[in-house]
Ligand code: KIV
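Have a look below at one chain only, the form predicted on its own, in structure tokens format.
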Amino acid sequence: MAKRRVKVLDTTLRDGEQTPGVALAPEQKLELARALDDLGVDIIEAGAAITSEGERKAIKLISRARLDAEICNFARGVRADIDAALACDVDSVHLVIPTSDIHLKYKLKKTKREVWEMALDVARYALDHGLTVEFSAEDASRTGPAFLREFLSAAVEEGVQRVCACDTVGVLTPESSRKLFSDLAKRIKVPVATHCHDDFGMATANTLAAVQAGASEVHVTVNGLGERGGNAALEEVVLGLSHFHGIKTGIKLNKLYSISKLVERLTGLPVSPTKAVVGENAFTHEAGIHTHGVLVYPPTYEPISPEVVGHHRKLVFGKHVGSHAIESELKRMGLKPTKGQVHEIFEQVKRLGDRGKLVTDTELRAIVDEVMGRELKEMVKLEELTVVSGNRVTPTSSVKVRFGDKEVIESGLGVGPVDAAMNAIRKVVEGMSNVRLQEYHVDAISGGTDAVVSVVVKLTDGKRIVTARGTSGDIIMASVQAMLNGVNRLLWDRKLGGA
């Protein structure tokens, strides 16, 4: 098992884009395809050319980008889908044919013989036109085992190069997955792929079980995107194969976090903080006993080093914080507090945590500055903010800030007044300090029409990452305050030579 190499087919651009609310422009699809190729994906399912003109444009761009990966097109069992794929210059088609009684009776309204003949005709048509064919049985996990074997075997006799069994509605378990793929791998003469959905939260486990049983290709999406509960997550599957089973893929593990962030940005779907491998909390520690253990010896509470997947370790300060974490952070900042100062900082953080408040980096450092007598100088100061919005007006914002002895003025457009203001302040910030906004979210809103809004942002200057908060009865001002609070903290720490 340790010497096995499994191929990865990534379907983020097809099955992943079928996630409700996700739609990628052709240029975005090309950007992501390049990143997937750089990641080491073997096969990129670029989309379904029959879908639309925009989809065909995207697939053509990807096919002509001279990537190392095989470029694949999703196709139904009709010749028109093959023609559309051929027009886009793809290398292969993922020919998906329903096989379960449920799909045949209620979706296709065809007999098994009719579907059999239709599928083999289309497979032969694709092969005759020079395409590699991966022949998939849709809803294979609810298909009679005997018919499934005969159907896939017939496709192999026709000349298809690969077959796939799809757990379309995620009803497999690791035990049944292992049984299904063990049977197929023994009887089918070409590579067998597994395509698992996550309706019951079992997609990763079922995919690993399928590979253990003999599957030699996995279908995955970045961040587990996909319809309903999503697909097997690329980052979980490839790390699981490597870490638990010593099975190799071509994936560069240290780029998993970065491609997760790219997909998050392009799709607009935020990754859950607790998402395995790539979530922001995957290597974040707050509880005192955990932070102490990680500081002494990271494997105490980390199964792998965050660097393995290109992530980073972070200690969070809240009501569960321990004094060891406080001492470690102060040391990292280059400070030498007394025991009394450490205790006072520790107590203030605890009090904030007990009030149910997230203690951001800027708030922690404000506490440190106060206790240790360090005065934070406001290096960037807001002088003027104007926002214009209306039902017939494109939201526009202009902002003027003072940075040392300089005045900086910028403007921005947006889909709404907050977006316009953030775009304007982002231009100011990026221009003066090389700081980038990584995340933005409304952390808390009080009730009533006079609600107080708390906005939290995450900023980076390429070396450090800080979180900062802005609070106001006006969400626009809260957002701008959060940005400037974070920028001031980064610039002040840089000036002091701290973290």
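Just so it is clear, the model here is predicted, and its values are computed rather than measured. We number the residues from 1 along the sequence you see.
There is another form of the same protein, the form predicted together with 3-methyl-2-oxobutanoic acid (KIV); it is not shown, and what comes next is about it.
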| item | value |
| --- | --- |
| Proximity of residue 17 to 3-methyl-2-oxobutanoic acid (KIV) in the predicted complex, heavy atoms at 4.5 Å | no |
| Close approach of residue 317 to 3-methyl-2-oxobutanoic acid (KIV) in the predicted complex, 4.5 Å, heavy atom | no |
| 4.5 Å heavy atom contact, residue 74 to 3-methyl-2-oxobutanoic acid (KIV) in the predicted complex | yes |
| 4.5 angstroms heavy atom contact with 3-methyl-2-oxobutanoic acid (KIV) in the predicted complex for residue 221 | no |
| Candidate stretches 409-417, 299-307, 185-193, 91-99, one within 4.5 Å of 3-methyl-2-oxobutanoic acid (KIV) in the predicted complex by heavy atom | 91-99 |
| Partner-contacting position among 138, 280, 236, 198 - heavy atom within 4.5 Å of 3-methyl-2-oxobutanoic acid (KIV) in the predicted complex | 138 |
| Among the candidates 166, 84, 160, 367, the residue which, in the predicted complex, approaches 3-methyl-2-oxobutanoic acid (KIV) to within 4.5 Å (heavy atoms) | 166 |
